[in-house]
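Shown here is one chain on its own, the form predicted alone, set out as structure tokens.
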Amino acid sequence: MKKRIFLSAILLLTLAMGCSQSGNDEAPQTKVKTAFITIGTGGITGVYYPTGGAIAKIVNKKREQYGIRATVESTAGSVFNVNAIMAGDLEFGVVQSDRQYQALNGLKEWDKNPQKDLRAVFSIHPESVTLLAAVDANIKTISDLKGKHVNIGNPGSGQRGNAIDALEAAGINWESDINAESVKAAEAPGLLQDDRIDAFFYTVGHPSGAFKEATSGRRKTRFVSITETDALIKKFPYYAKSYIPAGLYPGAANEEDTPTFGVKATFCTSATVSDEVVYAITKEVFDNFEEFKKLHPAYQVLTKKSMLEGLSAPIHPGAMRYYKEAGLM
């Protein structure tokens, strides 16, 4: 009898240990697996870099809930971001609306190679094609750029294409009529102040750190109007008229707003990125909309409706799911 009780006790102990071990084996399966995502932006003096940082900051607050860890990478800009997203090197990227359109439709750098897996998530701030010139270079209109040293932007940046479009609309051949430089936007203010260039283009949301730097130096500067845009806007629907408010840069010689044209910054991803990840990011940005608007002065003009405009690529299903739930679509 005692032997049976002893054997029964051993059996119960063994079963208890087995259950305990089984529970331990199952515990890791209930833990949310972390998804690491990288957001491609642009130069650190532009608006793309803090935009990526703002999105990452909001998403990382819910790291435990969603299992998403977002990081930000400074890149060469829109073209680089599209290519990196398509290659799987980036999960998300900030891309100009014109570059989004061109990539999807196989135009410009993607000639006859449409990026059909490119997906839109939302648009962000408007970006003005901005031309700043040194006062001593006597550049008062875009036509005055002929024969001057002008930075049009580095290859792989959205601003380069915008600058070329603006020049061609004004009847200027960028390869023969000007001395074109091809450096990154972050380097242009220093080159202008060092008398190494006469003017530079930069497509960016305002206010911009690059233009604050460029208008605060020894060499006096002015924003140059770009007004010959009607045919350009009719030809390319992703362009719209814009302006640079005079009061943003006290160091510039302008006393009135400067008319120009522009695009929108858009947040893009790939069709291969999971619906759950895209949904979580979209939800957190829109559910914390007022907080997001406060993270950069360029966002003050945003509305939830405007963040669904300027999207020429198909909206990712994860983002669409949120928009339908929120009654935005």
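Quantities reported herein were computed from a predicted structural model and do not represent experimental measurements. The first residue of the shown sequence is 1; numbering continues from there.
What comes next is about the form predicted in complex with a small molecule, which is not displayed.
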{"query": "In the predicted bound form, the residue from 68, 278, 47, 39 that sits within 4.5 Å of the small molecule by heavy atoms", "finding": "47"}
{"query": "The small molecule: the contacting residue among 232, 72, 76, 137 in the predicted bound form [heavy atom, 4.5 Å]", "finding": "76"}
{"query": "Partner proximity in the predicted bound form: residue 96 to the small molecule, non-hydrogen atom cutoff 4.5 Å", "finding": "yes"}
{"query": "Partner proximity in the predicted bound form: residue 52 to the small molecule, non-hydrogen atom cutoff 4.5 Å", "finding": "no"}
{"query": "Touches the small molecule in the predicted bound form: residue 91 (any heavy atom, 4.5 Å)", "finding": "no"}
{"query": "The small molecule contact in the predicted bound form: residue 159, any heavy atom under 4.5 Å", "finding": "yes"}
{"query": "Proximity to the small molecule in the predicted bound form (heavy atom, within 4.5 Å), stretch among 252-260, 202-210, 163-171, 115-123", "finding": "202-210"}
